[in-house]
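Next come structure tokens for two forms of one protein chain, structure 1 first, structure 2 second.
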Structure 1
Amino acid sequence: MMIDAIPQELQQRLDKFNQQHLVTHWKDLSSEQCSRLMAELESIDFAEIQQALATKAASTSAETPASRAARCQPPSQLIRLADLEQDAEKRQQTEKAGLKMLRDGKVGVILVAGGQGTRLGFDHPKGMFPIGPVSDHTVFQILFEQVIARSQQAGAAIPYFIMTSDATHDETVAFFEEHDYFGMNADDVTLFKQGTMPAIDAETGKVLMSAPNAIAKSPDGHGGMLQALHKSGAFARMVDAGLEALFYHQVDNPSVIVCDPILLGCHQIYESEITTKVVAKMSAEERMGVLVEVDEQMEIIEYSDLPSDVASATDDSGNLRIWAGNTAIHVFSVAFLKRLHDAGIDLPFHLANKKVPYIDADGQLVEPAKPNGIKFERFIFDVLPQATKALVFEADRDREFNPVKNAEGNDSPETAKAALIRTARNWLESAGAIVAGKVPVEISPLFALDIADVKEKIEPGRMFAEPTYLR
């Protein structure tokens, strides 16, 4: 059926929010294209966008992020790496508790993989990036193998919940199927898609269009996970499965220790609602969110909101006072996430100025040279202040935090590959093996999850003179 007139109700909504330009090209569209545009427009919550803009304006006048940051303190509920390393008994006790949680089937894993990965500039979902320094295996494969190995170690299935977005979903599903879920039981894998948010013109507040019948949209941030878990039914699945804790990680860090039993054990023993792994910042200038307490509440401050005098302040020993860099590795209690949902808590939107290609009034595509649009994203760490009990756990940076963010330089494939080699080399040498010169070595999680596994499998004195992948 031909749709020749703009439905009255739609026109009224557009008038109300001053977004009439969204139907400029209506007359030039086929009825199919009109239907698609209508569906898109119906899915947009204009009031929510308006409110996000208003909240942002209000917060700048009340208290700036910088003035808030000026009151921040280092986290107090804290486990420092050096303390744990010296306390063998505590290590053993927490590890045992974590392994028991896994064995009892109380732990699920969440991977957020819906980001667009613009900085990396890879033409596929980031998880498909070949990061294995010898094997060339993808980030997805390395992460899946960790879950498989950990579940073999625990003797129980560990369900894997993977968040995708419109930008990554179809390719991710096809990739998993093509690779037979990397050997994992497909029934233990749940994919759920996050929502999207339209981008707006930074000057006029008008929603940008990517085509005459399409809105310029992007994923709504990793914090979109909260809504997406409920909307998709994944959360109900977690509850039905009797899960109590969720190990959360991001697709860009292949050296994360998925379901680290020590972290899980600490989370349980301290009765924490959210436990976060942090690493010591390398310098005051490092562009990394920091975990702090403000007015006795735990929160993460983005690097761009941390004034340089606060960032560079040192303690009596000369160490950075605000030192705890966020790795985006968390453990959430299922009960905590349920409480947030039941209380109807929505995470705030963060607004970012970005270059957003759009079509102009003549229907021509414009590729802006500088940021022209505002994108709206929710951040998962904004749940932190809601926790009645939160714990911070310091990780070994070299071993566990090597994200792939940029195409080159810091936090790039090169640094992540070097880290995987470094860990494999350390483990082999600790087991008494000899790794020649600069020979690259790589260990699949299916071969070993830690040094102890390597020691069981590698004879002291074994020589590695050629690039080697152990699996």
Structure 2
Amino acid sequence: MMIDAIPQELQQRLDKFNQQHLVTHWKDLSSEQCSRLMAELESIDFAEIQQALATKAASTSAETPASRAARCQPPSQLIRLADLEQDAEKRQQTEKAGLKMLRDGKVGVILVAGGQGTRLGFDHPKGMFPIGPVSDHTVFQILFEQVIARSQQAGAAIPYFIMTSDATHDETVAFFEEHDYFGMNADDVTLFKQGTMPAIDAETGKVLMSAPNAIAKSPDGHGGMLQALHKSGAFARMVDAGLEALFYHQVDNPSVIVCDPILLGCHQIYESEITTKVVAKMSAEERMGVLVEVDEQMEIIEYSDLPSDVASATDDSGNLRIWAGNTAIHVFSVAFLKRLHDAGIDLPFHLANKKVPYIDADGQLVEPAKPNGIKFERFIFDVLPQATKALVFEADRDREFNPVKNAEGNDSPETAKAALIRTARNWLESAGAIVAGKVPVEISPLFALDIADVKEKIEPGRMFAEPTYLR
């Protein structure tokens, strides 16, 4: 049965925001299609879109990101890698504090897993990509096994909160169920979807349509996590569980140290509201956001907003002055995130000009040759300026930051696998084992989380002469 008339309340909303074109094809739609379109239109906050555009216009007429970046300073609340390496007592103290947080059940984990492996030539959620150099295990399995191993080490369950997207949610759920959550208790895993935002025409501000009964939408960025946690009820679950800290990481880095006790301990001892792991940039030209202070306020500046003279400036030792590259590894205090929510603080939208396919007035699909639309994203690191105390923690880049972003070259499956092999070889040789030539070796987190674990299980002199997976 056809729905003859457009509901009056809906038409009034569209008129108010000059979006009447969204029901151009109404008369040609089936009842089911009309219902879908109505649901999508009712979910759009047109006022929010107008506000985001107005904020962008205001910021453009005020200070530019580049002029703000020119005032940036290296972070002052900082723990350098060398500091912990040289101070065994401090390292032990922070690790002990972090392990206690885990034993007391005060830590949860957030995994951002809304992206697909398109750039890898992999038409599935990126977490399903096989990355184990010997085992061929997926990124998801390697990360899950870390959480399981940490839980076993602590003697307390660590809940895993996983943010998916419309594009990855159903396939991710099916994959987890097929693999029985890789041995983790399903009750300790909470999946929630990030939100979406309509794409708009860059010239007219009108919402674009992907089909006569569908809006052109895209994920609202990892910063949409804050709203998604509350909307899904996941944040309430965190509070009810008595969690005090959330370890946050993204699915594209299989060598992340999930729930790193030293990082957690530093976060607690320094009473930080957000603690961020950074690595030293390899060069001034590296396309990587940096942790800085501007006007005594911590923030991240994207590489595209960093003037070349600022990016290339060096200190008295010849090292980059603005050096702290963002790894997208954070620890958030639950109380901090609750304070943001209770105060009604929303993260700003970042507007990106993109090529967005759309339906024209005749109902024909148009594939633009150049950017025609605006997409809206929020970035989680924009919470930094809201923190009363933020801490920066330097990580061992070789060990901990080997993201899988490109099909080949830097930050590719090849470099990530090489890093996993390198770590396993280092641990084995530190335990007195002998790894022949270029033989690939891989260590499951369920076998060992660090060198100390390996030393307890491997006899000195043991020979590894062929590809080996220890689990």
Ligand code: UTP
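When a residue number appears, read it as a position in the sequence of structure 1, where counting begins at 1. Computed from a predicted structure; not experimentally measured. Basically, rigid core = biggest C-alpha set you can superpose within 1.5 Å across the two forms.
Peer 1: Is structure 1 or structure 2 the form predicted alone?
Peer 2: Answer 2, the form predicted alone.
Peer 1: Would Q152 count as moving between structures 1 and 2, using a Cα shift of 2 angstroms or more after superposing the core as the test?
Peer 2: No, because once the rigid core is superposed, the C-alpha of Q152 moves less than 2 Å between structures 1 and 2.
Peer 1: Examine G221 after superposing the rigid core and state whether its CA is displaced by 2 Å or more between structures 1 and 2.
Peer 2: No; G221 is a residue whose C-alpha shifts by less than 2 Å between structures 1 and 2 when the cores are overlaid.
Peer 1: Core-aligned, does T204 move its Cα 2 Å or more between structures 1 and 2?
Peer 2: True for T204: a C-alpha shift of 2 Å or more.
Peer 1: Superpose the two forms on the rigid core, then give the C-alpha shift of L120 between structures 1 and 2 in Å.
Peer 2: Between its two positions, the C-alpha of L120 lies 2.9 Å apart after core fitting.
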